[in-house]
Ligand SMILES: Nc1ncnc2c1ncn2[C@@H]1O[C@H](COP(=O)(O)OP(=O)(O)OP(=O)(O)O)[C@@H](O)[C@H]1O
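Next up: a single chain in structure tokens, the form predicted on its own.
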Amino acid sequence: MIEVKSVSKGFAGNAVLKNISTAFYPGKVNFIIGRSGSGKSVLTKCIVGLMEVDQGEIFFDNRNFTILDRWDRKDIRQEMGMLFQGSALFSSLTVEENILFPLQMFSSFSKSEMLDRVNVCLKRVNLEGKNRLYPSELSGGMQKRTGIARAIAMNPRYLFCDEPNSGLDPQTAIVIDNLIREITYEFNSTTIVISHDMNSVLEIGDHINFIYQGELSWRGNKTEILHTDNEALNNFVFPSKFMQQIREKLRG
């Protein structure tokens, strides 16, 4: 579990996060949603330690990440897996070499053990035999799946996915959603997904956090979001009459 307690963050006197408290649960797909500039990316960067909070605390399974120095945070960071927006694969490395990268940096495996782990991860994302291909030879969906394989290489307790469906067609997005959900349940990982894709939210959102103007405006699940009276959330999730009609059908 990841707990965020009374976290605030600002830049040049401008408050971006305002006293946010929430929790992200293991074995669940936890979403952070909100408009551009709402603070969701800043919150995620604070959670992983790319930014320091101005106030508040962040706990990883009762370990206070906030008070640790750079070296003491290393153990927790080794338990994190990251799926970046756009996959962020190294273009000069093969699929195999991309997945090997975190293993070479952080594991004590032998070379053969690392290669075995690469193949296990490739099998898990249905990319067996693609070891020698380069990112430029992969479709967008295959690049995302390679990114997921790299993210799970170290058996992460905490999995972070930044706009995992960005740039994908709807059918491929469903494949990625299902893969993220399956891996979360399989590894019992605490998965945090930042997304604008409401199809993903309504399909795999076990817990949803809506950030509005730097505040935690709403928390709930994919069923409760259909019945909320939170005006800002409704305007974000169901901005058109067409989407509102879909909500009414889903409610029924």
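Small disclaimer: the values here were computed from a predicted structure and weren't measured. Start at 1 with the first residue shown and count on from there.
Same protein, other form: the form predicted together with the ligand, not shown, and the subject of what follows.
- Mapping the unseen interface onto this chain, Asn62 falls outside it, with no heavy atom inside 4.5 Å of the ligand in the model of the complex.
- Residue contact check for His196: one or more of its heavy atoms lie within 4.5 Å of the ligand in the model of the complex.
- Contact check for Lys28: every heavy atom lies farther than 4.5 Å from the ligand in the model of the complex.
- Contact between Leu202 and the ligand in the model of the complex is not found at the 4.5 Å heavy atom cutoff.
- Only one of 181-189, 223-231, 53-61, 38-46 places residue heavy atoms within 4.5 angstroms of the ligand in the model of the complex, namely 38-46.
- Along 1-29, residues Phe11, Val16 each place a heavy atom within 4.5 Å of the ligand in the model of the complex.
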